[in-house]
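Below you'll find only one chain, the form predicted alone, shown as structure tokens.
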Amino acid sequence: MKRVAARPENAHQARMLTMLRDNGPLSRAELGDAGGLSRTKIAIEVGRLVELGLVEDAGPALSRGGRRSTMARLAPDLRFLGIDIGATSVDVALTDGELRVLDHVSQPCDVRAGPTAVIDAVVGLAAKLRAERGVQDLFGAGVGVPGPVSFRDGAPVVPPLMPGWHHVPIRDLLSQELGCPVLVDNDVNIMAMGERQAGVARGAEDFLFIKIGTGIGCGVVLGGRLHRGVSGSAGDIGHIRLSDDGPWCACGNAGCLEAFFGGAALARDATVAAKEHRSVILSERLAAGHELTAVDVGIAAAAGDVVAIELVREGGRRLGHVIAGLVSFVNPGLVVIGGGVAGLGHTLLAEVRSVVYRRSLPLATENLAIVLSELGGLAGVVGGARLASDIVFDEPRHSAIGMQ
């Protein structure tokens, strides 16, 4: 039997695998208590998972009175890939069954170079990790891309930042290359899943993950489940219009939030300020032949540059207005801000908090925390691995997804 095809056979087994992924080793008694199963039924189901190569015994558990139970844990050789395709880079991580990152590689890569170049880069990085770690079989891979995705088809749909990618079958192409099931989602969705798995949103039931990179998006988690919407475009807040006469956006409209404060917009405004000599630090960096980015704005702001600080604050105010509307509508318990531009740090965070707490209803904000991501660049790859594990750690009702 090819190990990559091993999957649970029923809902009881699926629940056990999920518990072991999220909680680590558990006794058979604990697994039985959570599922309301008898000792005999637990022995049968765990035994079958052992036969499938998904679980192994981990010695005797502490006594709870009577006969001692046996500990169970996920098989130590389970391996997943988390793949985060960004606008300007590709990250690939290898994890174990509990989604702990074992190794992580990254390289610059312009998504506008097209599907062939980017997918070749992904496959190359995955091969490098597998070779270095001696991994033969992968149990699944989860991929995030910076644009709208048909989750059902595993392909982008008219992605503004990804010219030439419309309906490219990423899921099928990578499944063939990697030899394992693959799922594809919007990058901000997998980052939200990563935060819930191992970040500041661990265990949170209702939260928003705001990603500010080249583009801006929002992962919406409600009742512990990621909300994708009917067609998969939920959370596309970067294209909420703030002004009818604002700057043009990559989507073809004017005045979008992303056109005011995405990474490209911030680089644009910083370059203008540098050329007009309104900022000494930005002017010096531009004169040195350095193409300005959001990172340069952060460096200048941290050094006390007034113009850079105002760029951050103005962007934070615009972002805060949008988040305030989301908070009033969704009433989350937590907002997490991540992505490359989130590296602007507490100046940005303070401005967002100020606007949200001022403009949202008191009932919606009295228990609301707004924080920066602690996973940073790992949020996407951890979330991708979580997405991949959902293929394996689920009963066969989803067997058609990503199994080509």
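So that the term is clear: the rigid core is the largest set of C-alpha atoms that superpose within 1.5 Å between two forms. Computed from a prediction, not measured in an experiment: that's the story for all the values here. When you see a residue number, it is the position in the sequence shown, counting from 1.
If you look for the form predicted in complex with a further copy of the same chain, you will not find it shown, but the lines that follow are about it.
Only one listed stretch (223 to 231, 277 to 285, 168 to 176, 294 to 302) carries heavy atoms within 4.5 Å of a further copy of the same chain in the predicted bound form, and that stretch is 223 to 231. Residue in contact with a further copy of the same chain in the predicted bound form (any heavy atom within 4.5 Å), chosen from 73, 104, 321, 313: 321. 206 is the sole member of 206, 110, 120, 77 with a non-hydrogen atom lying within 4.5 angstroms of a further copy of the same chain in the predicted bound form. Contact annotation: residue 153 falls outside 4.5 Å of a further copy of the same chain in the predicted bound form, judged by heavy atom distances. Although the partner is absent from this view, residue 254 contacts a further copy of the same chain in the predicted bound form, with a non-hydrogen atom inside 4.5 angstroms. The shortest heavy atom separation between residue 364 and a further copy of the same chain in the predicted bound form is within 4.5 Å. Put simply, residue 148 is close to a further copy of the same chain in the predicted bound form: some heavy atom of it is within 4.5 Å. Contacts with a further copy of the same chain in the predicted bound form, taken as any heavy atom within 4.5 Å, map within 302 to 334 to 317, 321, 325, 326, 328, 329, 330, 331, 332, 333.
Relative to the superposed core, residue 243 undergoes a C-alpha shift of no less than 2 Å between this form and the one not shown.
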